[in-house]
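First comes one chain, alone, set out as structure tokens in the form predicted on its own.
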Amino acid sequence: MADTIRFILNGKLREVADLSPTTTVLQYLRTVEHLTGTKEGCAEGDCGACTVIVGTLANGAIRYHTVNSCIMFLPVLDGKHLITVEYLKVLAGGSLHPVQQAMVDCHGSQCGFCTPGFVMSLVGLLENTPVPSKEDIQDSLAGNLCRCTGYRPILDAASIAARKGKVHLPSDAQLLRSLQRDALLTYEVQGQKYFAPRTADELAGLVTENPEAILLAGGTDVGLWVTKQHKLLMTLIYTGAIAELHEINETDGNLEIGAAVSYTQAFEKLAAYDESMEVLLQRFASTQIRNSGTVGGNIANGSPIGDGMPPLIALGAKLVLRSAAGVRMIALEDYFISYGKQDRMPGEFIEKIIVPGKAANVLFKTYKLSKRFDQDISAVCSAFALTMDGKTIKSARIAFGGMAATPKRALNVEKYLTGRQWTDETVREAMQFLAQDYTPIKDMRASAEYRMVSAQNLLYRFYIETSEPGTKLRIYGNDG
């Protein structure tokens, strides 16, 4: 017998039993609840007009985060609290929320279409960062687009709202506790099925029983299959309700990241590897996407331009693949076979990612090149890790995204560098070997020539920044 979807909407219980499991939260809000403050601008998680706040129970307390409702499927809300812009007036006791009032005072709205999304992004920021810096504000709004104001009055409003008295989101978790499930959620409408297992063993069984099923994590890619490609997805298995897949542990010097860990949750641990990694993660999509998108899902998707893969490959990350038959471990770079094809056997799923700690004698940097600084797909993403013995390179791991049909190591460059001194002459010679490792394509993001020259120059940049302590090169508007 199918279950109902149970969640809290603006403080009130909702139960849904008759909507397709691929109904988006945005569709539900506008067509069922008639809460039209949440807008549809792009239907792909880019513009932020659909931003809402979702509260999730974690360690007995509610953790709030902003998400794009246009690509989130409704059943994902089971056991959570959904807050829309209409609820802010209730929370503020009938008055405008301080963020809304600041937007009015600073003339931060013109046509008004994007305004609710900006407001919700700022409310989410102030809930989690009571005293935000200028950089915090800009980062929180990187996923919200406005065609009218030029952003200055919106940034002014954010600064003013941060200095005013706070209106906190509900902290009483009792109602959410009553909605938590101990057993599998099974939801079915007109032949479309949605499963939300509670354990990895349960997930393994479901994947075996439903080989045609789509594994759903953050939905930042799968959501577009519905909103843009209009696919009919008959069976979904959601990984986000499995506690063990949300764990981040440090074991024997390694960082172990559960496949359902979001990029927001993994941010601090991954950023600790290097300042360049922190910059890359800050440019990884938007706050809303990082709140939803998972490390495991980004890998499983197998995109040749996924920014998460090059630095993890360079660091020597491994994947733990699990199925009902058992567990196996492979190097991350070996997971990618060809475009759209990965080394995942029938019934397998990614359980966790193991990232080795960075030894003191390892030089490491990662760089991203894209047309826009924020929220843009890379033309080239690179990562370099050299294990040094004084000035001699003991071993090298170099990986690029955007240079081939899959994320790929530069094996010829690595072979040339190994055993040589880390000098200007060595790196200039190594740059030429990139042409043996990659035959880049030409597309809307960059020409093949641009990609090759950029890859070579990024290798040289890595040399400059690691051979001259304190040096950090910046290219305005293009990289970190």
Partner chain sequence: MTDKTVIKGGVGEAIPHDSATLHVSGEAVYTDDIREPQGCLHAYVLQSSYAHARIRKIDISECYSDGVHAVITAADIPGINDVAPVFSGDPVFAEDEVFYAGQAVLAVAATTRELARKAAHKAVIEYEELPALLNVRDAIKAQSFVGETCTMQIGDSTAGIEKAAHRLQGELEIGGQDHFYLEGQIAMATPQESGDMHCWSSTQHPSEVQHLIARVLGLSDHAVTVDVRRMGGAFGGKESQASLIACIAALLASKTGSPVKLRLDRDDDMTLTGKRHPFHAAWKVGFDEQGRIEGIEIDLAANCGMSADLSNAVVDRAMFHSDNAYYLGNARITAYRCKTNMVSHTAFRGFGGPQGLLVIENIIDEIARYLGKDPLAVRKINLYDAAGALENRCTTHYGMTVEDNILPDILARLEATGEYARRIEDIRTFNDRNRILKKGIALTPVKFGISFTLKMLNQAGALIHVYKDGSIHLNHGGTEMGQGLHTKVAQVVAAEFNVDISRVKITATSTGKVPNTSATAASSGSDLNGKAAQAAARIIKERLVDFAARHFDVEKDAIRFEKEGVRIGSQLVNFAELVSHAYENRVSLSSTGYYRTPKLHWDKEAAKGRPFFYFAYGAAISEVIIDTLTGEYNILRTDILHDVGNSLNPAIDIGQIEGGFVQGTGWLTSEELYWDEKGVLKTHAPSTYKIPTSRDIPDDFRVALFDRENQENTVYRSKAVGEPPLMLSVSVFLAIKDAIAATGKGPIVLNAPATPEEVLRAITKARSAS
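Numbering follows the first chain given and starts at 1. Treat the numbers as computed from the prediction; the structure is a model and nothing was measured.
Here the subject shifts to the form predicted in complex with its partner chain, a form of this protein not shown in this document.
> What stretch, of 169 to 177, 312 to 320, 116 to 124, 188 to 196, brings heavy atoms to within 4.5 Å of its partner chain in the predicted bound form?
Replying inline: Stretch 116 to 124 is the one.
> Using a 4.5 Å heavy atom cut-off, are C111, H230 and I377 all in contact with its partner chain in the predicted bound form?
Replying inline: Spot residues vs its partner chain: full contact, yes.
> Going by a heavy atom distance of 4.5 Å, is R181 a contact of its partner chain in the predicted bound form?
Replying inline: Contact with its partner chain, no.
> Does at least one non-hydrogen atom of D437 fall within 4.5 angstroms of its partner chain in the predicted bound form?
Replying inline: D437 lies outside the contact set for its partner chain.
>> Within 4.5 Å, heavy atoms only: does D18 come near its partner chain in the predicted bound form?
In response: Contact with its partner chain, no.
> Using heavy atoms and a 4.5 Å limit, would one call K352 a contact residue for its partner chain in the predicted bound form?
Replying inline: No, K352 sits far enough from its partner chain in the predicted bound form that none of its heavy atoms falls within 4.5 Å.
>> Within 4.5 Å, heavy atoms only, which of I299, V261, L145, L215 is in contact with its partner chain in the predicted bound form?
In response: Contact check passes for L145.
> Within 4.5 Å of its partner chain in the predicted bound form, heavy atoms considered, which of N128, Q138, N249, S159?
Replying inline: Residue within 4.5 Å of the partner: Q138.
> Can you name the residues of 296 to 317 that have a heavy atom within 4.5 Å of its partner chain in the predicted bound form?
Replying inline: Heavy-atom contacts within 4.5 Å come from no residue here.
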